[in-house]
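We give structure tokens for two forms of one protein chain below, kept apart as structure 1 and structure 2.
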Structure 1
Amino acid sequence: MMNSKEPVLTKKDVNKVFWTWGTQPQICWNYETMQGSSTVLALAPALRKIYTDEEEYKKVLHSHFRFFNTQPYMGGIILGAALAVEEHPGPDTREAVSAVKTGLMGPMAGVGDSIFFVIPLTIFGAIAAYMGLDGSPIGVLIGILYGIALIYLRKLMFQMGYKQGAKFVTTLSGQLKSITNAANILGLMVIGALIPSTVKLTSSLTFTTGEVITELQSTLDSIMPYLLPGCFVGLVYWLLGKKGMTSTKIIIIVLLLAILGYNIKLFS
């Protein structure tokens, strides 16, 4: 397999991806694809330069509209890497990019949330709060300065992702298939964990037999924890394979199911 080695993007194109992502990473955040549309927004102008064939470009855009969710700062690393892989199109590029994005989003979110959110929000929040209670706005100012200083770090992170991604495709292009498979494994393991951690579905149904009240949920839990979220993803996956099924139809079905399920006290 041969990947073309000529970079087609100028420094300006690459920077533009960073600034679009950096300023609008969750502009169309939604329950279905979360940050998916923001990755499209950020990557589209650069992808247009890479994919001159109209049909190819459309296919690539569709692939980036898919579910994506991570800590926005860390997302820069992932988008940088994905952009670099895109820049050297080969037969396995689509699979490689999906695998890189899916494999990295979970762990990056975990790391990013603790080092950029939980910890600094607690530290700066506490400083700002205690100084504020003393009537001083200095704590707020410190937090703002920290936020501004981090822009530089966010840019560095994006550039690092781009550089590493480029190294990945140019020096390891012969092994791209096996690396993609490895990333696919990582990605699916992350999705396996995302199902119980992000899909929230429990039952509030109870059965009364004589004096004994049985909760359906505890029965389900004794079979398997997170049985319902697991089954539900399976159901949606199966529905998606049906002819004439679109994601819009699925969403409407899910909304109706949720309202119905809640009101007949099946779901809580």
Structure 2
Amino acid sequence: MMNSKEPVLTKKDVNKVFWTWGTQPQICWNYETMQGSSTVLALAPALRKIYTDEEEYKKVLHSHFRFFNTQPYMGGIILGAALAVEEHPGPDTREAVSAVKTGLMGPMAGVGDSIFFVIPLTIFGAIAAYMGLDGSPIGVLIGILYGIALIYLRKLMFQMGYKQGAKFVTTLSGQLKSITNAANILGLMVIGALIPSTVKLTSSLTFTTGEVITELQSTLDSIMPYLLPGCFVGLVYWLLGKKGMTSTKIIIIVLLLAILGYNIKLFS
């Protein structure tokens, strides 16, 4: 159970987290942790103030230096909520923070890409382009005004995440375990749903019995759609748990399997 001690962060500390994330959400982006580096960069000064013990501080930083990837504009909500949970340390803090980040990064990415990136840029871009063709410079101002409005909205969402996260660990502390479990379930559902849409793996093997030709892929699809991608992701997850295995080695193994499988007509 988390305690309900008074907040240790000032408004300046919280704003510093927002501006660091807001201006550098993709710094040191890599295939292993993606936005993990920028998350640590943004949260580190505030966490230093919360966790005064050096060893504990290092452990907390390490726990944030994990895979994290979402739409940068919406990521502020997640970081705000995570910061609020961190501000009230307790036995369930690590699990709660991990659940919040994992459970929300997928849904927030989808919402953010549509609402703040694809739709506005398409609409405003089209308007600005037509104005530009007519020789009007007003289209440029539309882009500038949208950028200013976006900064305000991002800060508003960050503050909302921070306030709601604080509510979880104070007035809703008794329900935190249920909230954590729900976030974990949501995260697993999102990751599971991403497998068929992002992992493309089909077999080109066929078996001939007399005049009957049976396609292995059709048989697998009749058992369970996207069975091969699911099994492949499970294999990669299992390999990552092996001692000495890294994401770089996994990438090399996947590349070699893809090349070999394609050339021996195992995969299509």
Partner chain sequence: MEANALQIILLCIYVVIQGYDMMNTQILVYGYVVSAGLFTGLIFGDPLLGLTIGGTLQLMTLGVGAYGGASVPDYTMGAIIGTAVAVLTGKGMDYGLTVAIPVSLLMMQLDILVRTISVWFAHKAEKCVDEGNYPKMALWIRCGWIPWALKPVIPVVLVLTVGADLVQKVLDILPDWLMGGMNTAGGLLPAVGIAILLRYMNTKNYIAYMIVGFVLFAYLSVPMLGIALFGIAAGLINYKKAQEQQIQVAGAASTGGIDDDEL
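Since the structure is predicted, the reported quantities are computational estimates derived from the model, not experimental observations. So that the term is clear: the rigid core is the largest set of C-alpha atoms that superpose within 1.5 Å between two forms. Each residue is numbered by where it sits in the sequence of structure 1, with counting from 1.
Annotation: structure 2 represents the form predicted on its own, while structure 1 represents the other form. Residue 250: CA moves 2 Å or more between structure 1 and structure 2 after rigid-core fitting. Superposition of the core reveals a Cα shift of 2 Å or more for residue 196 between structure 1 and structure 2. Residue 107 shows a C-alpha shift below 2 Å between structure 1 and structure 2 [criterion: core-superposed Cα displacement of 2 Å].
Core-aligned Cα shift between structure 1 and structure 2 at residue 132: this is 3.5 Å.
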